[in-house]
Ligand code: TMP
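Take a look at this one chain, the form predicted on its own, written out in structure tokens.
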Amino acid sequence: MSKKPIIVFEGIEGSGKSHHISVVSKYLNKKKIDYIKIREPGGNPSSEKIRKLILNNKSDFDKNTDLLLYLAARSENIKIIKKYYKKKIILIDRFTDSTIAYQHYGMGVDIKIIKLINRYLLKNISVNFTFLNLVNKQNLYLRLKKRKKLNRYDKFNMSFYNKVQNGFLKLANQKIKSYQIINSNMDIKLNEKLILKKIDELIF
């Protein structure tokens, strides 16, 4: 009988997190294991509307507005997460640590505010495991160049991405037992094997 953890995939743009969550989804489908997959911002019709607003290239929000929009999208997702919490495996493409990494370490929003609202939204819900995908400057820009369309968050300067990635690393060091760092500059197939091996440990 499989366990039902919440597993999150984190990382900056071009780090491969969305690729790996897709690989894990296919793996679980093949094993016929029930799961749900959510992305943030987004994940359901209401949150997807907020996602379009946040990532629109014409948007130019204050950092506090950005934070509140992300948390509003999360508020909509929490209803889904609560419904399936401990009943199905929940895969999430970005979650609470992204908000701290981007909005606090990247943009300088007070971390106390972020943690306060996250606690209010999540209550007794907790993440079981996080894969943090790291990418270097060269690969980040190469991968962004291959994208057909760039959103607002794909266009920050390298200084911002460095601050965010270093923020993720600080969070990983605080939760070392429930984090696995994936060096996405390495061979992608090797990383897929590493992640799927850990997935087996987490769910069986």
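Note that this is a predicted model, so its numbers are computed, not measured. From 1 onward, residues are counted along the sequence shown.
Below, we turn to the form predicted together with ligand TMP, even though it does not appear here.
Put simply, G43 is far from ligand TMP in the predicted complex: not one heavy atom of it is within 4.5 Å.
Using a 4.5 angstroms limit between non-hydrogen atoms, Y179 is distant from ligand TMP in the predicted complex. Using a 4.5 angstroms threshold between heavy atoms, Y153 counts as touching ligand TMP in the predicted complex. Contact check for N133: no non-hydrogen atom falls within 4.5 Å of ligand TMP in the predicted complex. Note that among 66-74, 138-146, 171-179, 25-33, the stretch whose heavy atoms approach ligand TMP to within 4.5 Å in the predicted complex is 66-74. In sequence order, R51, L55, Y70 are the residues of 50-73 having a heavy atom within 4.5 Å of ligand TMP in the predicted complex; the partner itself is omitted from this view.
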